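This document opens with one chain alone, in structure tokens, the form predicted on its own.
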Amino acid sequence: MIQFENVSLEYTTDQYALRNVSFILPDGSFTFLTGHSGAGKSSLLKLIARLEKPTAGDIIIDGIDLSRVKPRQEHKLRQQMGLVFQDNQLLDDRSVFDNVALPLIIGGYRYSEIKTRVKAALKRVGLGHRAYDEPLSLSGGEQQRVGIARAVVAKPRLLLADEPTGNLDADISAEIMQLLMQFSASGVSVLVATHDTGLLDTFDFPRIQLHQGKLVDVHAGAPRNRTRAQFTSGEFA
């Protein structure tokens, strides 16, 4: 479960990325994080991933208050999270296999397990046959699939996706969404930041809407999706 309690992120005096944001996301939920460009979506994801620290308020993940997490514990916490970026952030001088393997190498996994997990992750995103190709030889949609494989290869409990379809056409975007939904169906909590109204219209999942750093709306989603996500909102700021 992810819980924000009156969370603010202030970069300079009176310049807030987020202000008094409160909400609750239960385990296994699939939720959209929406809002205009600059609304605070990326900042919110960075706070969850511990890439930023809040100026005020509390962030609680699975009962752990992040403000009390010691530096040596942050690595273990991040291992429970997978990150998907709009621009993939793949290393062009390494193979697809090596890109997906990076989280496991950093995590100190043995090569035999790395090999097994990477092959399984690539197979799941439909790219098992491209393991030893270079990223630049892949299409944009295939590169994003590699990014997703890298995000899930360590079997995280939480998947954070920041505009994962931002550079893709509608058909490829739908394929990427289907992949993310598959992981959600397997029990992974998924939070997707997007301002793509096409996605929001097509997939009626619970959503959190930000405007100028403030939480302005919570949409529960269609009944079938609300049942699966069991979404609960916090108080509006």
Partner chain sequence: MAIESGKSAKRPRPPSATRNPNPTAHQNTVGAHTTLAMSDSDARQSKAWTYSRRGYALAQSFRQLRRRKLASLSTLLVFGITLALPALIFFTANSLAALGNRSVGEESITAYLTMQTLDLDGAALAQRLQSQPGIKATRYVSRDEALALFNAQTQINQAVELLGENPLPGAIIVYPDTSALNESAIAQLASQLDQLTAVERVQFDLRWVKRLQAVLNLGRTIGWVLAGFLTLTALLVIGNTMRLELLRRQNELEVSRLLGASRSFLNRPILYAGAVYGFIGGVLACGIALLALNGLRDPTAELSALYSGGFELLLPTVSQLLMVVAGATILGLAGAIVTLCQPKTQFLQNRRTGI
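Computed from a predicted structure; not experimentally measured. Residue numbers count along the first chain shown, from 1.
The next section is about a form of this same protein that is not shown, the form predicted together with its partner chain.
- In the predicted bound form, its partner chain sits within 4.5 Å of a heavy atom of residue 102.
- Its partner chain in the predicted bound form comes within 4.5 Å of no heavy atom belonging to residue 143.
- Its partner chain in the predicted bound form is approached by residue 46, whose closest heavy atom lies within 4.5 angstroms of it.
- Although the partner is absent here, residue 167 lies well away from its partner chain in the predicted bound form, with no heavy atom inside 4.5 Å.
- Across the proposed site, 51, 106 and 116 without exception bring a heavy atom within 4.5 Å of its partner chain in the predicted bound form.
- Judged by heavy atoms within 4.5 Å of its partner chain in the predicted bound form, the contact stretch among the candidates 61 to 69, 206 to 214, 178 to 186, 26 to 34 is 178 to 186.
- Contacts between stretch 116 to 131 and its partner chain, counted in the predicted bound form as any heavy atom lying within 4.5 Å, involve 116, 117, 119, 120, 123, 124, 125, 126, 128, 129, 131, listed in sequence order.
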